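One chain is shown next in structure tokens, namely the form predicted on its own.
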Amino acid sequence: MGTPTPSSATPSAAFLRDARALQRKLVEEYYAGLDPARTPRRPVAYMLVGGNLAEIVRSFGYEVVFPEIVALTCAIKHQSLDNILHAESLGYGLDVCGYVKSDLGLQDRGGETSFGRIPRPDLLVCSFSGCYVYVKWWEALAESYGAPLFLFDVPYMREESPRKEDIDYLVSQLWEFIRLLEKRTGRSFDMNELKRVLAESRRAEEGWAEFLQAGRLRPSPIEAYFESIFYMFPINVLRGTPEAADFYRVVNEEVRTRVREGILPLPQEKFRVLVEGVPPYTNYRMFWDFFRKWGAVSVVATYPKVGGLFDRGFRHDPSRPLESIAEYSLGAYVNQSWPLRRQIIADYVREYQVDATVIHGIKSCRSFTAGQGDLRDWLIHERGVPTLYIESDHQDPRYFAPAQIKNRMDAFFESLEHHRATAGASPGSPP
């Protein structure tokens, strides 16, 4: 696609074009479609993002709600704390996952948000994929709503390729799930309809992977962490629909325009950064500004892969429908063992020519954060990659300390500048 040259365009001009407007439209239409006062009532299934079974429930006519995404939307709109405090008043502790408290607090307060009313579930589908808290969360929802709960038990990924016995185990559960859906809906399972939905998923996955891989260009025409947060919505919430697939066609046309016109995330890309971890949604813009100050562009990030490692080659396969759904569930990023996660990150460092890594630990999320301290040491001492570890929370603004985080990031990037300016300097441990 060629190498773009810097332009005088501001960052906001680069990232508020057609794709961003279309993303907003899709979000608005999605939440409007959930409101029974505005559209005919469809059965609703609650699911988790990682390793979900959206294609199967969509083939039975269900609408899908992802409480994680509702919670992050509340957080980015500065509406999460009231829900968290309400959940704490119900007895949920300070160390409970922020997603859980935000969701349970919201639902106990009636499900009303500034972007729409979140409907009650008719079915709860828990993919036990990387996080045991998921199970307890969905059990609490089942008790609250009296809705049936299906637990999809996903083994941990211990090796680079899925084991046959794991695939067989998951496919047997998928048939059990299909029988439950037939009983709940009174409809017979239509394999051709599932294949049609999977074909739309595959089309969206191709487009999403193309967008993410644009970060390999020097300089990068995309911001692979902060910008991807906007563009994750269709691949995670609308996967299996034509709208999701069409969205990424628009996104990638825009990226190609950026490359031709030299529109970059920043006027000068000083540092190519890999970011690991969930964003602090409550202070999303401020956190981004801490990077922009130093000319640091995230060219690759792990968090946009929670919905699937599509940039590493996985695609749903309509010719192997249930087997590919099983493989997808196994391959969720947080379902990888730490040796596998380390290898993914090492590959990203090499493929995207990364200068440094920033790890953002989440105080209340053990599944994503456990092991990140060891990851930092491994990157520094075994791979020679300057790495900074900082911590706050994805939902609770009480744990975001702006001055402390800014000071640590300033010291880190200042040290990178010093090493770059000092001929022959070896990369030492960052502050």
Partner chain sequence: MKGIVAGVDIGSTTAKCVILGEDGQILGKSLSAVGVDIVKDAEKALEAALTDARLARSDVSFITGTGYGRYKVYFGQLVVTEISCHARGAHFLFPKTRLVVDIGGQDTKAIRIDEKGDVVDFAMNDKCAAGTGRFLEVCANALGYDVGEIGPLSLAAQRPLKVTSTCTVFAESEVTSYLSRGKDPKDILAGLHSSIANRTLSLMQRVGVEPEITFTGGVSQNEGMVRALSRRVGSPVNVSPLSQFLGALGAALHGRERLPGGAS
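Positions refer to the first chain, counted from 1. All values reported here derive from a predicted model rather than from experimental measurement.
This next part talks about the form predicted in complex with the partner chain, which is not shown.
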For the chain seen here without its partner, which of 399-407, 44-52, 28-36, 60-68 has a heavy atom within 4.5 Å of the partner chain in the predicted complex?
399-407
Using heavy atoms and a 4.5 Å limit, would one call Ala411 a contact residue for the partner chain in the predicted complex?
yes
Report yes if any heavy atom of His419 sits within 4.5 Å of a heavy atom of the partner chain in the predicted complex; otherwise report no.
yes
Partner proximity in the predicted complex: Leu388 to the partner chain, non-hydrogen atom cutoff 4.5 Å:
yes
I'd like to check something about Lys293: if you look in the predicted complex, is any of its heavy atoms closer than or equal to 4.5 Å to a heavy atom of the partner chain?
yes
Please state whether all three residues Arg376, Ile380 and Ser415 have a non-hydrogen atom within 4.5 angstroms of the partner chain in the predicted complex.
yes
